[in-house]
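Consider the single chain below, provided in structure tokens and representing the form predicted alone.
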Amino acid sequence: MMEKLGPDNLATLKEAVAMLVADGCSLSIGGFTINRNPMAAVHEIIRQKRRGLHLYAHSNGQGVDELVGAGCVDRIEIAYAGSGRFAPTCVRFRRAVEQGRLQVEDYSNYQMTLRFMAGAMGLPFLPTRSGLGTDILTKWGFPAALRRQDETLPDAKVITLDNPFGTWGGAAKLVLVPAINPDVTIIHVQEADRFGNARIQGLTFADIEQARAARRLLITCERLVDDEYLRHRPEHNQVSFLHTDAVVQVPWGAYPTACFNSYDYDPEYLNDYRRAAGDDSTYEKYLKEKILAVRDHFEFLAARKKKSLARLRADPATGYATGLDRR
């Protein structure tokens, strides 16, 4: 069990990852495709050479691909692994699956959200109609024999059963999806205080459910604000200190993905990444030069030209960078 950091939950990123993310643990990361991935934390996990992770994500792109590409992940449960037009299917993720180095269990987007919600509610499962009539119910990535042997996995991917209320609610059949309670969830937010109360601006994706479902929660934030600040308009706060184990201020902590109202994703970086990820040797060079050769996220950012980052700053009126060449 992690030791208490002190009167608050402030930590350095190196400390937080060392304390919370262990080899073989189950890890959930927030964000969606190329939006608000906790990239600073992802890179620190890679630097600390964590191995054997069981990764959960809703629909994630850059964070998933770099963790898989660095050899940190053995298993993953996810709805979609892609970075939009830059990588409709994550490149290193696909390579690992094709080479048999990664076990994958896939669910629909809605099913993954429900699984995290069930975990947050303290329930073993939640019912849905999502998946009826599809191969998601019949094609299992983790076979039944493995599930029986591994107590960290539910006995079944899903269970389909008759509606116990007959056809009440318009459904004769229901699908039960198992809860997720990750050992650790990591999310990146715009604002948090030193205790771990957090405010997400823009779309929250499944981050709130992921945060509440986890046994341990690490929050990285753009801005560390005074707790009095979050007491104004408290209805805009989504994550409570009750769930949080560590808070780290990391400006540009989602880069090269976007953080609404702060900065946009970096098309140049993501295009360069896709090209590097397409070949084993160029990807090893990418890891060594971009991630492993730098001490932290600040050095990682320092390697980018200030002009390159400045063009990504969000327009206050829209929350996105205007005039950005997104090709």
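Throughout, we count residues from 1 along the sequence that is shown. Since the model is a prediction, treat every value here as computed from it, not as a measurement.
Below, we turn to the form predicted in complex with another copy of the chain, even though it does not appear here.
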Listed range touching another copy of the chain, judged in the model of the complex by heavy atoms within 4.5 Å, from 290 to 298, 64 to 72, 258 to 266, 41 to 49: 258 to 266
Close approach of residue 177 to another copy of the chain in the model of the complex, 4.5 Å, heavy atom: yes
Residue 251, heavy atom within 4.5 angstroms of another copy of the chain in the model of the complex: no
4.5 angstroms heavy atom contact with another copy of the chain in the model of the complex for residue 129: yes
Partner proximity in the model of the complex: residue 189 to another copy of the chain, non-hydrogen atom cutoff 4.5 Å: no
Interface residues of 163 to 190 toward another copy of the chain, as seen in the model of the complex [heavy atoms, 4.5 Å]: 163, 164, 165, 168, 169, 171, 174, 176, 177, 178, 179
